[in-house]
Ligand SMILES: Nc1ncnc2c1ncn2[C@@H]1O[C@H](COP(=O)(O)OP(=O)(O)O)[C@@H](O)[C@H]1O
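Below you'll find only one chain, the form predicted alone, shown as structure tokens.
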Amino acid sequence: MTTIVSIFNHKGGVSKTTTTFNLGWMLARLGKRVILVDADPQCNLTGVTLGLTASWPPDEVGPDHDTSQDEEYSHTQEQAQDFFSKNLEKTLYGALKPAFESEPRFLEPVDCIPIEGRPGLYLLPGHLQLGEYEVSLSIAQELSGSLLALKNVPGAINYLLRCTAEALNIDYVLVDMSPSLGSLNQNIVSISDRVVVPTSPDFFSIMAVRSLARVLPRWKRWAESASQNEVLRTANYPFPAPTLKFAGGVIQRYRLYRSPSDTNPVGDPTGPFRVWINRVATSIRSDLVPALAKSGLMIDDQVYASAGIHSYILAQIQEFNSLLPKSQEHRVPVFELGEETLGQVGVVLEGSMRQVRSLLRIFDEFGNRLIAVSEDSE
């Protein structure tokens, strides 16, 4: 049975895309079949996974300007243009067109792209134009009871993801989402089975957590109403009864003062970061969880406990530092980097490999915990 997992927080800068990629790869490493869905119109997950991103050269144009960087950037942009022009139907935007643009054809499973180097892992690419569906989806979700022409829109994403997962015998669909509270995110979260909330150790994450304590129950109420609406219930793509539950939070992007070692495999955060890690964890436990529990969005506490999840935190993940650009360059997760891909020697290599081993352990625990709260919670 497929589990759809939304990786969602309307606060930006909390590494949703990086988390989705690394977590999806780990789940596949653990023997699960996984689709990564890029539902963010910025297409960062698509770019990172397929190697279609390149930053504008950081050096200023001048007599010593490295023109090879310009050439690399131009080549990457041409690759991106070529991919999207040839693969529109393989993107989330293109696959949804029959429903959103009232085309006379039925939604079909997407021919997802196998991710090189990890069997069982696939990508459903994003598209910049996906954001164009926000308005029609918003109207459909508010007025579908009276506008029969829009009745197939609210249930279309659920139908597409489920039928694609069935065609590929998928265990997990991980959805990377934009930092917004728009109708597209509302729809995706509402049709998901689990939601993972990434955060960073700062005050703004606490504000976001408190906001989600109001937003997620409201979306759950809307989903219940939509699933009982006669028009949506009898549409070609029926809107499903909600099954959403809170899998847990993730706290990441903090610096360490003590690096990982054999005796301390995950290292220790610096004092200021440790303070804010505790504050964010407290907010999740005290602000978010009680509100979700009242709305039936929580799993039984015994399941969290048996999965090794304390204070409803699935994982704490330190800053990747120099590992991140290497990960993106080689299109592998940070925990798959090695001596050859790092290109380092001596004490620098030793330090990087300690961090790689630390992140392997963290994501292994993360993946197993998500499996536990997804498959042993009914």
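From a predicted model like this one, the values you see are computed outputs, not experimental measurements. The first residue of the sequence shown is number 1, and the count goes up from there.
There is another form of this protein, the form predicted in complex with the ligand, and it is not shown here; the text below is about that form.
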### Summary
Picking from K151, R253, R118, K90, the single residue whose non-hydrogen atoms come within 4.5 angstroms of the ligand in the predicted bound form is R253
### Query
Quick check: do Q318, L324 and Q328 each get a heavy atom within 4.5 Å of the ligand in the predicted bound form?
yes
### Query
Any idea which of 130 to 138, 245 to 253, 186 to 194, 266 to 274 reaches within 4.5 Å of the ligand in the predicted bound form, heavy atoms considered?
245 to 253
### Query
Applying a 4.5 Å heavy atom distance criterion, does Q355 contact the ligand in the predicted bound form?
no
### Task
Mark L23 yes when one of its heavy atoms lies within 4.5 Å of a heavy atom of the ligand in the predicted bound form, and no otherwise.
no
### Task
Check whether L370 has any heavy atom within 4.5 Å of a heavy atom of the ligand in the predicted bound form, and answer yes or no.
no
### Task
May I ask you to list the residues of 16 to 32 that have any heavy atom within 4.5 angstroms of the ligand in the predicted bound form, in sequence order?
K16, T17, T18
